[in-house]
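There is one chain below, alone, in structure tokens, taken in the form predicted alone.
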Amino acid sequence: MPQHFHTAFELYPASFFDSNGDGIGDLQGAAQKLPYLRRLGVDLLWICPFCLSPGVDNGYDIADYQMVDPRFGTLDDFDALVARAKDLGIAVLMDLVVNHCSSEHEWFKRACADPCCEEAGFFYLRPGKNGQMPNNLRSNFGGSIWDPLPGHDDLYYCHFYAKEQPCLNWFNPELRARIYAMMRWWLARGVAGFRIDTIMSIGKDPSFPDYPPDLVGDGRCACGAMNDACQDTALTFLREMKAQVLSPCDAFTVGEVWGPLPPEKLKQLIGPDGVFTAIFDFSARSELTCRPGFYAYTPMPLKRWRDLTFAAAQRTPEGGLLALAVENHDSPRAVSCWLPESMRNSSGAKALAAVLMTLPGLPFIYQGQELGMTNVHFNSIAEMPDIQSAEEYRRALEHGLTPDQALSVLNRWARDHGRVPFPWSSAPQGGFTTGQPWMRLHQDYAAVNAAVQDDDPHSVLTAYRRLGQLRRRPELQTLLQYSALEPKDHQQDLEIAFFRVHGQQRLFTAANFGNAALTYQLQADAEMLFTCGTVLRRHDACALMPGSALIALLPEN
């Protein structure tokens, strides 16, 4: 069994808490708020990138893997955060971004200066074909994956994301050796392991063939098609990483792996023989985002989300661990994304929390999720700093949408929703900073914030704290994290109900996102572990009102 954690939390440092009044969250600020996370029941903390970066992709373009960006503090600040977290019983995961680096990284600068130098081999440099790009793949952020190598019009370099994020060539053994050395350096500083960013993207075909054009209509194909075809290549590299770094250091890892994946592939990723401790379940997100752009997204019915989530749990190999996330820094808010319109409120947020915290796996709470934060209402594209938002706005206009329609699309699906400053209180700037925040605040920060919810027994924050305590009960740990999920026969499409079964233990979770009461047969001696909303019990019958949820431990047979 891998290291056991109960509840994880994702922290986006620029927007969590600013300790020095410059408007940007920092590591000292994060350290000051660790008791808040501990009270939430968190014992595993994933911190999004804080290394030196030009910030083209909000820190996911790293210019120096062993230097803290001055915006976030110093290496001493990071060491102090890790030490304080350890005192509170919280392990720290770094965000490992090694599919690509920044074009400001010294390696890339040397490659530009001399395409024959050692570091040039750390990248994919290719000549054009018949006056065209080396192949027809499209970047995840739009346009070709190829750009001319600065200073060399006859050579192109590969980037699956922004042009400022050149892809690293994992076929180069010296590059891998340097990456592994860097990982050992951070593990020696006390991190428990890594959340590994877009890691299956390292699987590439170095011949870079052309692919059949997809539905976007620009004659190109999404670069993910190459990744899908080269999963075994990525796994070869990851097995080496595990053997040389992860296993010797007993590192906990969470892979960002897009799916859905067949059971035989999952066994190679997680479980006793897997390369990761856990992977995120992106089943629903993958189906939502498989369209050519935000303008083509369609809301997913809750029933479909439920079915995809249950199927992912049932595909998980024995001993395998799913990392459960209904939202993160790359998504809109869960309440606004997955729930019906009538449930995009605190009642829906609490009911969704009951589901998340009792599904098989390790739940990850994204900052603000525990407050039931909804999407932001952005007034213009100028309020949205994310590079992906600019590209999706352009695509929407190109597709024929008006500026207002394009903005409406982004107000539903953009990544910026999760990146606004965390609302600590109703004070000016939401208590996040004493200065001017780097990004606008949520429009509801004065009413939806940590201080307002702190002592409210009916708040979303209180519900998450109660669920965090539930997950720490020793007798429930194996049941909650690893036991099988058995779907209950559903009475309606806006219901989520399931059993967890481990030996003689049986747990029942039900959540009502519809507009009519649901009734369940529930033994009179069942232990009610958690309720939210209105739950009425009479003898062996239990009525669940709209916007309510229950978690019950059933008597042993």
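Predicted model, so just to flag it, every value in this text is computed and none were measured. Start at 1 with the first residue shown and count on from there.
Quick note: we don't show the form predicted in complex with a small molecule, though the next part is all about it.
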Hey, of 492 to 500, 521 to 529, 55 to 63, 25 to 33, which bit sits against the small molecule in the predicted bound form at 4.5 Å between non-hydrogen atoms? 55 to 63
Have a look at 384, 111, 97, 362 for me and say which one sits with a heavy atom within 4.5 Å of the small molecule in the predicted bound form. 97
Just give me the single entry in 71, 415, 471, 306 that has a non-hydrogen atom within 4.5 angstroms of the small molecule in the predicted bound form. 415
Is there a heavy atom of residue 466 no more than 4.5 Å from a heavy atom of the small molecule in the predicted bound form? no
So in the predicted bound form, is the small molecule close enough to residue 198 to count as touching (4.5 Å, heavy atoms)? yes
Although the partner isn't part of this model, could you tell me whether residue 330 comes within 4.5 Å of the small molecule in the predicted bound form, counting any heavy atom of the residue? yes
Does the small molecule get within 4.5 angstroms of any non-hydrogen atom of residue 395 in the predicted bound form? no
Candidate spot 144, 146 and 156, all three touching the small molecule in the predicted bound form (heavy atom, 4.5 Å): no
